[in-house]
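Only one chain comes next, encoded as structure tokens, the form predicted on its own.
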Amino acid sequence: MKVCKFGGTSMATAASVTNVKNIVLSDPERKFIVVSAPGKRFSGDTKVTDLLYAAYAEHNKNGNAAAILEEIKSRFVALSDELGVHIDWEEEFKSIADGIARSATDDFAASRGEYLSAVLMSKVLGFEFVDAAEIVKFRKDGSFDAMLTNDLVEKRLKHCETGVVIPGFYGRMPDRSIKTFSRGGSDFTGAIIARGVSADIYENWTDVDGFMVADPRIVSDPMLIGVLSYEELRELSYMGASVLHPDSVFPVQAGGIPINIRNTFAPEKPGTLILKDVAGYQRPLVTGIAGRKGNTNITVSKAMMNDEVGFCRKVLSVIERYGLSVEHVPTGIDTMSIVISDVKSKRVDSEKLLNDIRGMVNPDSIEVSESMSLIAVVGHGMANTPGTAAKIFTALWKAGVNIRLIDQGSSELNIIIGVEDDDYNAAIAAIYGAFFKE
């Protein structure tokens, strides 16, 4: 039994939806299909989800989102006409307009792209449509209710005789309002369904052949990763390898279900297999290299800091009050650095943050840099191989890249390097070259 999730590019055009149909119907084991909202049809196009967010904003501003909803409707009308299926889009969009008018948040609006995709795909395949709101549940505080959801998925889907199509990305709160996951959450929905029906494999279909060792926009024709562990996937996804939502590992990991990343536009290729245990597979020393730009690094210096009980806690408590996530905290005898990823995205006043830290610990000095890139070199094989770090640092030295930060996790699964944003591409290319081109 297979659960298949198809991403936004797979649902964007009639031709791509036809590819999805052919893939699903080519294997009778593909019974449970999760779909995303239609993505971009061409460069410069707008994703349907972004249009729906804009529709909600327009309604809040002017009380009418008819023009944007009409644009979205025209896309679905064109899709159904080309695919030869009949759907009452007028009724669907009337319901969406009414729902947006009643909604206190933009979650309902954002979820309708997946909903409409699933309505369309169920007609194209001749499968049953099951609304995610029936089976994916959140608690009152907005957290995902994994236990209730798993029970509902198993009860509703496990014994379905025909195929089923389910929209990704959203579920329902106890008050019956719609709640969405973070962007890319359809991956998570697919994993939830896979666990609930005890699938043999979770196929995640996208527009790439699988996980690459490095970003192909930086490294020309990087090697495809054939096999990954759940842990390696989490590390790489969190650090910027955007093929799969990092949280989508948890439901399938609980059930020991393999994930297979596949390409909708090249279904003959095997893709990347993600497993609980990768022992016995022939794999390179380094599995993947990924990173993120634009991190903020705050370095707090104070003589005899190491003797001041609670110093680190006091600094981190200030950062916590601002609702910021700490990535790394390398320390010395008289210095403490805090790497934060979301200062810019949360629009935090950096000077106010620094003043609050000064007031809390009275440091000798504080330095801040808002242009640090974090790069993760990931691989199970690194832990027992002497010289791995030396190889990384030699490659960066040869490339003229200055290292600002070094951090290795306790599991020895990854080595984190901090460099200036301007050196990011050169650093990725240098590390890749050291392990895959020499």
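Each residue number is its position in the shown sequence, starting from 1. Every value quoted in this text rests on a predicted model; they were computed, and no experiment measured them.
One more form of this protein, predicted in complex with a small molecule, exists but is not displayed; see below.
S.K.: Since only the chain is shown here, I'm wondering whether R183 would be in contact with the small molecule in the predicted complex (any heavy atom pair within 4.5 Å).
M.R.: R183: yes, in contact with the small molecule in the predicted complex.
S.K.: Check whether F169 has any heavy atom within 4.5 Å of a heavy atom of the small molecule in the predicted complex, and answer yes or no.
M.R.: Yes, F169 lies within 4.5 Å of the small molecule in the predicted complex.
S.K.: My question is simply whether T49 lines the interface with the small molecule in the predicted complex - judged by any non-hydrogen atom within 4.5 Å.
M.R.: Answer yes; at least one heavy atom of T49 falls within 4.5 Å of the small molecule in the predicted complex.
S.K.: In the predicted complex, does A37 have a heavy atom within 4.5 Å of the small molecule?
M.R.: Taking the distances in the predicted complex, the answer for A37 is yes, it comes within 4.5 Å of the small molecule.
S.K.: Spot the stretch among 65 to 73, 29 to 37, 368 to 376, 399 to 407 with residues whose non-hydrogen atoms come within 4.5 Å of the small molecule in the predicted complex.
M.R.: Flagged stretch: 29 to 37.
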